[in-house]
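Before any questions on how it binds or moves, here is one chain, the form predicted on its own, in structure tokens.
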């Protein structure tokens, strides 16, 4: 069955972006998902919600985040490079934009217990942060492997009062943490709200997360207009795992055909190495975590294990919004290997005095593969800061 939403930006009433999306959930969760579908647009459109959301973004998160002209990087690549500094958000990444929106929604729906999944730990920290702020019980599921490689974020979650539960199945990464979170939700459907951290999951999550993150592209428009006199950049570049920071950075430009959108996936040890997370290059259509999208799977539909040096991109699927941007060719999907991401991170650190998250470093890595004109305005979403990845960086110094 083919679905066609009116545009690339929003899904149709069944939650489909083109052929991707929908809500494929166990029967026990159907009432929860239906409740969200019926109420999220109504609640988020109210004056009460908007003012609470915008006040917290301003006074708590520290928005708007700067749009920084990276002079040394611009000189190196003979173009004009601006960094959207999501790394300067409270908690160190863009993830908090979405957790604030969803915790306000959970409150409006009368939920008292919050669960989340996390890979790099940034979404877990952002969820634990807003739960502390609102006095809500918080349980975060995290792959055992990610708990080891993202120790600083695990410590932060615990300090914020969250319970961190290790996922010990499969590859012990983000996919497995998501499976555990869904299992918990089935068992505690009445009082629990599941804050999904990316533009993945059953409808309405992909649309909801994209809307909460769209503050990124809205600010880019305003800031560029002020700096250059034109609110449209030539390029917007962002890394993509599930795809929340890319959805936010692309959002207000998706229907502006002049703006080239570049999504960068994690090639791991190389696309053909068997150790990769480049979903659009390796994936086929299937169902993962409640929606129909592109995912890495075997011929008989078993999900294959992804690999990336960055825990936040170590995911075998991609959100349905991005799957549609890829198949419709509205966005260009590139990939960067572990080594290329590391090199880009060290380059930014030494050139601009900014240590990026390993996820964001993938977006920076494509500067070596694209030819830009001198007059181009290139905006890169610097989705997070690199404190959490220092151990990996030190190992590769």
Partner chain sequence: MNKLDQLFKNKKEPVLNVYYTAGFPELESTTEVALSLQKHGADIIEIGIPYSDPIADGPVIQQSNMQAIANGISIAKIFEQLESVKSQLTVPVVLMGYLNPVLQFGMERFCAAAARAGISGVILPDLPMYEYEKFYEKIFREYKLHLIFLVTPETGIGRIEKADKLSGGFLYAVSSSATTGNNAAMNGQEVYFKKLQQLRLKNSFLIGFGVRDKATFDLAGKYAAGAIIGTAYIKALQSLKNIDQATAEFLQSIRPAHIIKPVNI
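Quick caveat, the model's predicted, so the values are computed rather than measured. Positions refer to the first chain, counted from 1.
Beyond the structure shown, there is the form predicted together with its partner chain, which is absent from this document and is the topic of what follows.
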(request) Go through 219, 231, 180, 107 and name the one with a heavy atom inside 4.5 Å of its partner chain in the predicted complex. (result) 180
(message) Among the candidate stretches 293-301, 151-159, 68-76, 191-199, which one is within 4.5 Å of its partner chain in the predicted complex when only heavy atoms are counted?
(response) 293-301
(message) Can you tell me if residue 273 lies within 4.5 angstroms of its partner chain in the predicted complex, counting non-hydrogen atoms only?
(response) no
(message) Check residue 169 for me: does it contact its partner chain in the predicted complex (non-hydrogen atoms, 4.5 angstroms)?
(response) yes
(request) Please run the contact check for residue 131 against its partner chain in the predicted complex: heavy atoms, 4.5 angstroms, yes or no? (result) no
(message) Is residue 203 near its partner chain? Define near as a heavy atom within 4.5 Å, in the predicted complex.
(response) no
(request) Kindly confirm or deny that 25, 30 and 286 each have some heavy atom within 4.5 angstroms of its partner chain in the predicted complex. (result) yes
